[in-house]
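For reference, the chain that follows is the form predicted on its own, supplied as structure tokens.
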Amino acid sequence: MPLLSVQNVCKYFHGNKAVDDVSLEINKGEIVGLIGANGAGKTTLFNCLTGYYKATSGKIVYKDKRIESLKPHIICRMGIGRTFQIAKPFGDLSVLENVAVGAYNKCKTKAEAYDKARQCIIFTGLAGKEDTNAGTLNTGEQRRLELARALATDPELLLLDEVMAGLTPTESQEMVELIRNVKDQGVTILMIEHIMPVIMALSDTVYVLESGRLICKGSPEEVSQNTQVIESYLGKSQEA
């Protein structure tokens, strides 16, 4: 039984099909990649999976339970965490306070939440930044903070929305290793990413969206050799 099963999910905005009859499965322990050009519907699908948008139709089943009608905080408490494409830390709070916000998802006391937050800060390479104002962090540090806050919710399934965006090549490689470490902690991952070497190196399975529709699913090797994917996405990326 898959950890997450997405069955014929659609999301319309005033008749516009942002997500159109998408089905996918994620098994426990996998890293699954989700790729497609800008506007393909990737983040919209993430928003449906995490309750920020209500799917127009279709089923979303997590651990054998229907979740498509649930609120984001309920879905998070069930074990689905996420990062956001645009990092938006609470700029007037410290790094520790930011991460503790996520930890309160399951922690019952301030002491417990702050202990969990410190563990996540160390794990994501932000040790020594606990008291730093989050608004002063550079792009790479903000990406790590976003990941630390998501991990503090104690997810079983983690959705990563372009965590490499804006990073230098060195920072990107460090993030790749960090994501592998997250997987090694027993967290299943669904990730959106535009950097093809990253998605191909990390993913067990890759799904490709085009104009809201799923056009391909397979191993990284199969997807990279698929004619339709090359024409609709990879080819355009290489020409740009």
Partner chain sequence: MNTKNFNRITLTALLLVAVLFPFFADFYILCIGISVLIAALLGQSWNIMSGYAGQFSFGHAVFFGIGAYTSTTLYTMFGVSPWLGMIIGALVAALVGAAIGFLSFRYKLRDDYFALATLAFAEIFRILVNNTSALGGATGILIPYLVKPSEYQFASDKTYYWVILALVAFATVFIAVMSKSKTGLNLVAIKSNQEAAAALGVNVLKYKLIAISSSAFFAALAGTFYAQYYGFIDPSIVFASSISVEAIVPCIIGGSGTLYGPLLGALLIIPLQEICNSLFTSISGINMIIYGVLIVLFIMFCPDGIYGRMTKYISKRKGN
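Since we're looking at a predicted model, the values are computed, not measured. Numbering follows the first chain given and starts at 1.
Not on display, but discussed next: the form predicted in complex with the partner chain.
Peer 1: Sort through Ala100, Cys120, Leu157, Leu137 and report the residue having a heavy atom within 4.5 Å of the partner chain in the predicted bound form.
Peer 2: That would be Ala100.
Peer 1: Of Gly79, Pro72, Gly125, Gly166, which one comes within 4.5 Å of the partner chain in the predicted bound form, counting heavy atoms only?
Peer 2: Selected residue: Pro72.
Peer 1: Suppose contact means a heavy atom within 4.5 Å; in the predicted bound form, does that hold for all of Asp92, Lys110 and Thr153 with the partner chain?
Peer 2: Affirmative, all three are within 4.5 Å.
Peer 1: Classify Gln85 as contacting or not contacting the partner chain in the predicted bound form by the rule of any non-hydrogen atom within 4.5 angstroms, answering yes or no.
Peer 2: No - in the predicted bound form, heavy atoms of Gln85 and the partner chain never come within 4.5 Å of each other.
Peer 1: Can you tell me whether Tyr53 touches the partner chain? I mean in the predicted bound form, with a 4.5 angstroms heavy atom cut-off.
Peer 2: Output for Tyr53 is no: heavy atoms all beyond 4.5 Å of the partner chain.
Peer 1: My question is simply whether Arg144 lines the interface with the partner chain in the predicted bound form - judged by any non-hydrogen atom within 4.5 Å.
Peer 2: No, Arg144 stays farther than 4.5 Å from the partner chain in the predicted bound form.
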